[in-house]
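Okay, so here's just one chain, in structure tokens, the form predicted alone.
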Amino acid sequence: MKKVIVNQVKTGFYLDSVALMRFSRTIAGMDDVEEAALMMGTPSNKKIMTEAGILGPEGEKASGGDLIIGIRAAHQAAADKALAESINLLEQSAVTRKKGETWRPRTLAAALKSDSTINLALISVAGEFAAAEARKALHQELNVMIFSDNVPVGEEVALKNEARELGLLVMGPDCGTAIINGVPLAFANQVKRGGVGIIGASGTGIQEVSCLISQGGGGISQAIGVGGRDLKKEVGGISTLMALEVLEADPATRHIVLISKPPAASVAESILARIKESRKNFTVCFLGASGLELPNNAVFSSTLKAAAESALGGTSISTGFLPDQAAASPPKGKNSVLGLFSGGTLCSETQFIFREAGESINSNVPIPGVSKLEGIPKGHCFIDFGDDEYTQGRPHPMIDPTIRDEALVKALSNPDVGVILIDVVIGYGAHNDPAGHLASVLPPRRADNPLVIASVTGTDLDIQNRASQVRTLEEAGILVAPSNADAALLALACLKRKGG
């Protein structure tokens, strides 16, 4: 029977990309539907749909302001049913937004007219439109947080230079996390207020450190995400340097933590020179960096957990592993560790810890779809499922944890994998029960199955409740470490035990 591709275009219809991705997953899960996506008709989205084999002539005609429904099904009846359900989901969403909802402005100008105290705009549109919207906000004297990715680096530099001249701050592009005056933005957690300010080129890095500080009895004054490219040579740390000025002037901030992968040498030099002039104390966590000459008011931390403990004045956040965790060992002969991460910085931190322990890492990371997972060579392998390669046309794994399911199931029967490392990140924007989903995917524990070790980034104040998530994982037979760094160290300790 010939496969059927169906498109329908809803002109001038806009819906948040996260909602569209969730709807796409629902439709793709219907009987006899091979692939489905609901996307705005931007050039990049149409390219994704073409590569997925779900874009037809009607969808090709759509513009960036139109919504495309694209479906590939085994037969016409399944395609028609999926299309009808897609339209039903969109209509339900429109009704839900209208019922009992207070007025929401549809333009930046209308928002400013309704509230003259607004001083920050969060931009979350397709990357090709993000710079234009950010520039509009800057011209209205607003600070900007650009959640969007795929913004050309030249546009980023131009925006940040313009903002600097105006005395405004640009966070991002690809800024996934911030906490401003106690308000969590995008992927962030409900943490205690306190005297620690964070500046980070990493969303999950900010989340991990802010949550550990909150768990350790401290609190956060501000957490400023600057975007993953800010400390690269092309950008020059413009937003990081401006964020340093903001926190320097903030009376609520007594200690500042910097989080990033190693910056360009010239950028690091500028940042460390500015730190030297500061009246405040710093913790510098440039994961994987070495040979830094820090000023007297700064200390270096090699892990996110160490950075949190430094910000707490050296207070230990946890007492270590429980006896039964430390005594665990993988099945005999299975000596490889496979990391399945949703947080890119958590993945990088684990790689750094393994290299520091003298372990070699297999760089032959499986392609998106993880269809080749069974054939990867022996050795430790760590995959960041939040990377753009894996999330094109799909929700981020913190939103939709199913993206890791296939890899997890295959790893359980892999003859080389003795330990599976996995991160669970909760908070605003994240799945409502990622631990429950993970537990549902795991089969009953068998002696020849790999150990599964997890960490939970979040707090008990989050709606998912960290303690509840930990309990769900432990009941499923998963070892839960106090932090991502502890999970990596526990995996190494388990491997070294007899029989591993």
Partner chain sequence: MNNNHPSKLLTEPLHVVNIGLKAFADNLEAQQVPVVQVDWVPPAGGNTEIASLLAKLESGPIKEKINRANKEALARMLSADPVLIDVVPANEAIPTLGDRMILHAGPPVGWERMCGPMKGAVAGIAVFEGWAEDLITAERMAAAGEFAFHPNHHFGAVGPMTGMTTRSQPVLVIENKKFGNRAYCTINEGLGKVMRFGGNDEEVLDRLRWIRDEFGPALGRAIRSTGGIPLKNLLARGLSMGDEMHQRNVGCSGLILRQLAPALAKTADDLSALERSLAFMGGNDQFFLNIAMAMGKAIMDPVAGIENSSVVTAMCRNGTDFGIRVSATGDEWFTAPVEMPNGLYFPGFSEKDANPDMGDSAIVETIGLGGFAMGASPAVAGFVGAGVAADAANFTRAMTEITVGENPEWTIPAMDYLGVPTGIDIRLVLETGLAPTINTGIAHKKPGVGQVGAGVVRAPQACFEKVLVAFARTVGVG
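Positions refer to the first chain, counted from 1. Rigid core: the largest C-alpha set superposing within 1.5 Å between the two forms. Keep in mind that what you see is a predicted model, and the values were worked out from it rather than measured.
Just so it is clear, the following notes concern the form predicted together with the partner chain, a form of the same protein that is not shown.
Peer 1: Since the chain is shown here on its own, which stretch among 61-69, 438-446, 451-459, 40-48 would lie within 4.5 Å of the partner chain in the predicted bound form, judged by heavy atoms?
Peer 2: That would be stretch 40-48.
Peer 1: Since the partner isn't included here, can you check whether the partner chain sits close to all of 36, 107 and 428 in the predicted bound form (heavy atom within 4.5 Å for each)?
Peer 2: Affirmative, all three are within 4.5 Å.
Peer 1: Which residue among 216, 184, 344, 331 has a heavy atom within 4.5 angstroms of the partner chain in the predicted bound form?
Peer 2: It is 184 that has a heavy atom within 4.5 Å of the partner.
Peer 1: Just one of 222, 414, 302, 270 has a heavy atom within 4.5 angstroms of the partner chain in the predicted bound form, so which one?
Peer 2: Flagged contact: 222.
Peer 1: Even though the partner isn't displayed, in the predicted bound form is residue 30 close enough to the partner chain, meaning a heavy atom within 4.5 Å?
Peer 2: Taking the distances in the predicted bound form, the answer for residue 30 is no, it never comes within 4.5 Å of the partner chain.
Peer 1: With the partner left out here, check for me: in the predicted bound form, does some heavy atom of residue 117 sit within 4.5 Å of the partner chain?
Peer 2: Judged by the heavy-atom cut-off of 4.5 Å, residue 117 is in contact with the partner chain in the predicted bound form.
Peer 1: Look up in the predicted bound form whether residue 153 has a non-hydrogen atom within 4.5 angstroms of the partner chain, and give yes or no.
Peer 2: Although the partner chain is absent here, residue 153 would stay clear of it in the predicted bound form, with no heavy atoms inside 4.5 Å.
Peer 1: Even though the partner chain is not shown here, does residue 54 get within 4.5 Å of it in the predicted bound form, heavy atoms only?
Peer 2: Yes, residue 54 sits close enough to the partner chain in the predicted bound form that at least one of its heavy atoms falls within 4.5 Å.
Peer 1: Judged by heavy atom distances of 4.5 Å or less, which residues of 239-275 approach the partner chain in the predicted bound form?
Peer 2: 242, 246, 249, 250, in sequence order.
Peer 1: For residue 45, decide whether the Cα shift between this form and the one not shown is 2 Å or greater, given a superposition on the rigid core.
Peer 2: Indeed, residue 45 is displaced by 2 Å or more.
Peer 1: Using a rigid core superposition, assess whether residue 116 undergoes a CA shift of 2 Å or more between this form and the one not shown.
Peer 2: For residue 116, whose C-alpha is compared between this form and the one not shown after core superposition, the shift is 2 Å or more.
Peer 1: Classify residue 20 as shifted (yes) or not shifted (no) between this form and the one not shown, where shifted means its C-alpha moves by 2 Å or more with the rigid core superposed.
Peer 2: Yes, its C-alpha moves 2 Å or more.
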